[in-house]
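The chain below stands alone and is given as structure tokens, in the form predicted on its own.
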């Protein structure tokens, strides 16, 4: 990367980090509060009634899923809201005509999303240590999946923002699609508890593989193959990246 491109990359990242850090009470604290409530209600109150899940305490079982859920949602919403704001305020056109390659625009925005997503994940982990045993079975898998999940959904948020025509279009995807997929991805239960038909249906949910591989990183338990999980991640990353590049080349979403 030459000097001019490096300056452009650093500028986008600085803008993204400054944007969410200035309103940290809205961007960093709410996931910590929400996760704390999940641990109190589902972990301490309901979890004591459930007992063990896949051979471990229920609170330890759901802990990785709650952390990754925060990473995914924050990464997605950070990029989607930031890029749409650029469209709404009309300065996205200046970015588009600047001598910056499309891949650098994408990289700058998703890096901002990854930074916020991983930062939120770390803060949620600090909350989790007060309720669950957060010893790590495999740091490699835990860190890689957190990074890949943040990367994938930052890309997804980028694409969402390009298609969005108003602010409602930014919130409708996380509300009607992303959140249900996360909850049905095995955050609170093992898919082995499901009847065969619904277990097969659940395996069509890509988030199931992210959550289970992340859980393996913490407690060494997974309902899915690690190899298949990483293959699915690679396929989705390539598909989303090519989709984003194609949209930028055709000027999709530069105007509302």
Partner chain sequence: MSALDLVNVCKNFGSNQALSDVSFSVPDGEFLGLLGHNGAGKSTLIEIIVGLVEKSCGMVSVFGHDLDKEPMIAKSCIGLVSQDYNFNQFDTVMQVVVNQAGLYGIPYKTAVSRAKEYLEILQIAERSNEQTRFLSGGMKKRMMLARAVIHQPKLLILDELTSGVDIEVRYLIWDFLRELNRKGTTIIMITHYLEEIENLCNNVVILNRGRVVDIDSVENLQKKLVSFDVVITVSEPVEPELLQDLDINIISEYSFELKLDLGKATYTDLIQKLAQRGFRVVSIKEKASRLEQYFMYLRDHHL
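Keep in mind it's a predicted model, so treat the numbers as computed, not measured. Residue numbers count along the first chain shown, from 1.
Omitted here: the form predicted in complex with its partner chain. The next part is about that form.
- With its partner chain omitted here, the record of contacts in the predicted bound form names 84-92 of 176-184, 158-166, 110-118, 84-92, defined by a heavy atom within 4.5 Å.
- Remark: residue 98 counts among the residues lining its partner chain in the predicted bound form, judged by a heavy atom distance of 4.5 Å or less.
- Its partner chain is not drawn, but in the predicted bound form it has no heavy atom within 4.5 Å of residue 240.
- Not displayed here, its partner chain is kept clear of residue 232 by more than 4.5 Å at the level of heavy atoms in the predicted bound form.
- Using a 4.5 Å cutoff between non-hydrogen atoms, residue 12 counts as a contact of its partner chain in the predicted bound form.
- Of all the residues from 4-32, those having a non-hydrogen atom no more than 4.5 Å from its partner chain in the predicted bound form are 4, 7, 8, 11, 12, 14, 15, 18, 22.
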